[in-house]
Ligand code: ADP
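Take a look at this single chain, the form predicted on its own, given in structure tokens.
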């Protein structure tokens, strides 16, 4: 263990006083390995303990700060470890009892007739006020608990008091932390210096200083994030000139369709066409609600690739979706002499080998695949276009792995999960963005109803009527099996119940724990109308197109987020028949009720996505590791949108004048970008 004087920023956290191997492991598991890591371990909130309450003014249930003299100490004679200690304390207005349950060790910390500060919740016991197990300190001591007190994220086995003590002991090192933001950007954005920011993040003396410190730290984090995203985008544009396609034949393909493109599809294709005909590599995100017609836009891009002598591939997240694409593409390209091929894991070895050989010699020009295409033995002769469908199902590295199978490959990322503007900047900061916000003619909005559990029978009676009319029904549950810890209906229990309820109908079950082969078989049967009621977990969130399914029933709807509810609802309403979605819940939780009301009020996925972001925040909407998005420690993309916009501008200025972050004054930014993005920063930074 080192002396405090010899501790440095890069010293191990175990070098601090009182940190043995056991506590060191706990800190390491919380991501704190060095002294500098610990200095950057910021409070999650603050308690204002500046106002002292007189004992006579105390109220039950209130968290209060008192300063009082110890009049008496009382403890049982058999003073065991957990025996309670009772103190009678008073100020000039009255007296109150303070109780500690682990009194054996605490008794010696209190002296009679000495003043102490106590902070805790006031309770009432037999008409007498008590403060049970409060925080305390000798009044006026360096450890006094009065002031604006930082409350840190929980570290198992480490008390708040201990964390605050350690931060105090290390505060002399704050001045040594690199103030790495270039001076002109710091001045332009009125940023506090690093030493001030650290001091006032941990030990603020007033609210304004906390805000100034937090602004500096949030800006710093978002600047690193934005610089990394913009660097990747500029770098990819710089190292890949791109492949230019001839899109002049697209009009004949559009004329050959048995429907007219919507305005949204026309606008999206126009932007994609401009990208494909340009010199720079296309790197575009196409967002569109379930059923908005993204697939035909993908077909247009793949047709252009084929006519220009290049191969194209569309990667789907599931085999069933890949097979559905194959069926659609085969039908639409048959008259043009183009034969799309399929590559999925479950294919026979011989068939798979033929497709892989065809890709290598160029005889396969158009491929529909799952992640099976990412295998090293899959090589393309002349790959020009990569499309990923339902991008949120793939990680950043998977996307990169695919388009690195060619040089200057054009990239189109498609998602039916509408993404709020704020998140789109973060999730897909390296992509140009397009949206299809119109729906094909004849599509009717799904009528959505929030139903209490008491009305379940009415909902299922309605479903039975629709089955008699020849329609099909989805029923979704949040769990596969019953759980002792979670009060919610399970898919297996619901399956048994509905088999009895719909005894004259074919009821089937599908869930994520089933083998892929079994899932595909059930979905195929449902698609062909052989199943009337499909009981499922969220495995059908991304499923196949079944226009005949017109009823969606979601049990325990409070257990799903808005975006997920919207995706599930999107399984119905895919034909010309009116469709219905029932959200069944008995929750009285405000957020759950709000979600239900939003779902009933709109079918617009983009509006729903914005509301979902407001209600839940970005963390729950998208797993950061799934996307390769760096974890943000302080920033909230909803609350800090104004800071994000400033950071975007600052990052642009930085990279405009120093594209490789090579200047000495930008070395701190460079190092932090590399640290934040890790392996996702595949370029030469």
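Keep in mind that what you see is a predicted model, and the values were worked out from it rather than measured. Positions refer to the first chain, counted from 1.
One more form of this protein exists, namely the form predicted in complex with adenosine-5'-diphosphate; it is left out here, but the text below deals with it.
Though the partner is left out of this view, residue 574 does reach within 4.5 Å of adenosine-5'-diphosphate in the predicted complex, counting heavy atoms only.
Residue contact check for residue 289: one or more of its heavy atoms lie within 4.5 Å of adenosine-5'-diphosphate in the predicted complex. Contact annotation for residue 294: at least one heavy atom lies within 4.5 Å of adenosine-5'-diphosphate in the predicted complex.
Contact annotation for residue 105: none of its heavy atoms lies within 4.5 Å of adenosine-5'-diphosphate in the predicted complex. In summary, the region of this chain contacting adenosine-5'-diphosphate in the predicted complex, judged by heavy atoms within 4.5 Å and restricted to 199 to 207, 86 to 94, 256 to 264, 589 to 597, corresponds to 256 to 264. Only one of 408, 440, 317, 529 comes within 4.5 Å of adenosine-5'-diphosphate in the predicted complex through a heavy atom, and that residue is 440. When you look in the predicted complex, the only residue of 249, 171, 545, 524 with a non-hydrogen atom within 4.5 Å of adenosine-5'-diphosphate is 545.
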